[in-house]
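The chain below stands alone and is given as structure tokens, in the form predicted alone.
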């Protein structure tokens, strides 16, 4: 903390300059990654379309979000814990009142939030789910062999906002501006890493699923 005279200065920095830098990298990085996909173009179709694209494309986005029976039988732990983590993570991200207020300040939109006790419980479940997934990765021979440095980096930058958020909410580090500043800084680290790692799949998966469904729909094939 030598760079800052006190915790309040640290909090002001992460809420100001650091946040602006992280947001700029996040937005520019996401735009570049999406443009990389869009500018690849689509192979020109010369055949007469046998069906529409938008309906099948949207249907494929929804249907592929539910694991098929074969995948579930092969990896039930990954599927169940993965669903639990995603649901709890997005509950914390989108339904915690302070987060909603931040989104409102940035985008001008807001919605009702949930009670803090429910958010707290969801955070605990999300943390437990992530620890479970890490344990599974480290103890499963195939997953451990296939895991790369990036996999563990992605896990870490996703885990830290949950952990630091829980610490800040319960004021487990004093003074409170330091705890809150560490939480915000961990979120900014996630934002910076997001466009350049597998985390980008949170956006690109919808593009890929729509494209697959649209292509099949145009050919009159069920995706």
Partner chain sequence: MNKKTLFELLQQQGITRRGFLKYCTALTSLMALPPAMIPTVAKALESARRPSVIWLSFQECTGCTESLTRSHSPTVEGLIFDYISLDYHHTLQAASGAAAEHAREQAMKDNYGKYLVVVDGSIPLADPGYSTIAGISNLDMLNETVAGAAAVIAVGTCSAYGGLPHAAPNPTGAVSVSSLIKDKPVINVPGCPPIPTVITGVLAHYLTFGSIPELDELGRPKVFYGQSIHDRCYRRPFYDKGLFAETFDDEGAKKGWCLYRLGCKGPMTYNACATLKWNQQTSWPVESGHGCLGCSEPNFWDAGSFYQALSIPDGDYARAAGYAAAAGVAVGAAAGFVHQKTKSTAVAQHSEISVDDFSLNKD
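What you are looking at is a predicted structure, and each value in this text was computed from that prediction instead of being measured. Positions refer to the first chain, counted from 1.
Another form exists, predicted in complex with its partner chain; not displayed. Remarks below refer to it.
**Student:** Can residue 180 be called a contact residue for its partner chain in the predicted complex at 4.5 Å between heavy atoms?
**Tutor:** Although its partner chain is absent here, residue 180 would touch it in the predicted complex, with heavy atoms inside 4.5 Å.
**Student:** Considering only heavy atoms, tell me if residue 117 and its partner chain come within 4.5 Å of each other in the predicted complex.
**Tutor:** It does: once its partner chain is placed as it appears in the predicted complex, residue 117 has a heavy atom within 4.5 Å of it.
**Student:** Test of understanding: in the predicted complex, would residue 96 fall inside 4.5 Å of its partner chain by heavy atoms?
**Tutor:** Result yes; residue 96 sits at the interface with its partner chain in the predicted complex.
**Student:** Could you tell me if residue 169 has a non-hydrogen atom within 4.5 Å of its partner chain in the predicted complex?
**Tutor:** Contact with its partner chain, yes.
**Student:** Is it true that 31, 39 and 106, all three, sit within 4.5 Å of its partner chain in the predicted complex, judged by heavy atoms?
**Tutor:** The answer is yes; 31, 39 and 106 each reach its partner chain.
**Student:** Listed by sequence position, which residues of 9 to 30 have a non-hydrogen atom within 4.5 angstroms of its partner chain in the predicted complex?
**Tutor:** The stretch 9 to 30, when checked against its partner chain in the predicted complex, contributes 9, 11, 12, 15, 16, 19, 20, 23, 24, 27, 28 at the 4.5 Å heavy-atom cut-off.
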